[in-house]
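Next up: just one chain, as structure tokens, the form predicted alone.
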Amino acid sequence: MSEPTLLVLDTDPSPRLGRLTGRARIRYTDEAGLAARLPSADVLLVWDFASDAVRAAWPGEGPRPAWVHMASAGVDRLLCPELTASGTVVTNARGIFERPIAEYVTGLVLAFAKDFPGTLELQRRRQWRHRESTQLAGSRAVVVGAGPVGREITRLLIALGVRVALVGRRARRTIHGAEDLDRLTALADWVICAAPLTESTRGMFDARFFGLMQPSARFINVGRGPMVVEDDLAEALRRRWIAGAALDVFEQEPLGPQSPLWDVPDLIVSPHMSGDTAGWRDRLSEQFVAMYELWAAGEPLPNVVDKQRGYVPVREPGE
């Protein structure tokens, strides 16, 4: 049997695939060459997970890979109607980013509660100004998104004494359904988005939603940028409908220097880095190589995306 062809939609630095030498015919492509190379590929590794090239190239002529792996948690840049309807298996990088993102969110919550941004600004001005900070224990958080990221965020916040309501698409066991979100939001001190981008979540955080929040509450998004109507969030902050917000993801990335979001009061802007800790690319490479070995042996793959839903379903005990 000939070696399978592994096509990598590449970006710098490239993945470490040395363990697959002699076990796969590895070919690399950029966005411009993807459409021409797709028909010859048995497996596609989308290493450039910020690219929309697969969604654009997939509807073309010829065979398509049997397996596509996305080197990120979200697959919204990948899926198109033709890929969704195909028999191609799609997997993602579940297991790599959950803990780092949860730590990042916990850091943001602590920074807001203890007013670290204010302290750093006053230090820069050489001003001694005593203030009172917020106690986290006993505060309320709503985490939107009941997947592995949302669950890990919940676990760390509970360890700090925060009372957390985890909200998913549907209610089950200790998870609230989407129908409870408005009621829970009105009581929350922290609203944290860790949900995938789907047609039902696109634009869900808008003026109406921010109007439900308490004036003392903060909003954090580590999910996907298009879930937030950014102009509405900026207006809510300017009008002090809410006390603060932090965005790690945006409608357009990278955020251009002329974006008005840089100057919105009480908004922390970070460059889509919440899940990226030292060595994360090596961990992504190791995960893919292990998954390739399973695929080559005919074993079931982990992290299989439900292409209709747009994410990997979490299986509850007993399901």
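Quick note: we count residues from 1 along the sequence shown, nothing fancier. All of these numbers come straight from a predicted model, not from anything done at the bench.
Quick note: we don't show the form predicted together with a further copy of the same chain, though the next part is all about it.
Taken together, P100, L255 and P271 are fully in contact with a further copy of the same chain in the predicted complex: each brings a heavy atom within 4.5 Å. Screening 285 to 293, 66 to 74, 28 to 36, 261 to 269 for residues having heavy atoms within 4.5 Å of a further copy of the same chain in the predicted complex returns a single hit, 261 to 269. The single contact residue among R140, R151, K114, R94, judged by any heavy atom lying within 4.5 Å of a further copy of the same chain in the predicted complex, is K114. The contact residue chosen from A85, A207, L187, L120 relative to a further copy of the same chain in the predicted complex is L120, the criterion being a non-hydrogen atom within 4.5 angstroms. Proximity of L160 to a further copy of the same chain in the predicted complex falls within the 4.5 Å heavy atom cutoff. The shortest heavy atom separation between D42 and a further copy of the same chain in the predicted complex exceeds 4.5 Å.
Heavy atoms of G279 reach within 4.5 Å of a further copy of the same chain in the predicted complex, making it an interface residue. For S133, a non-hydrogen atom is located within 4.5 Å of a further copy of the same chain in the predicted complex, even though that partner is not displayed.
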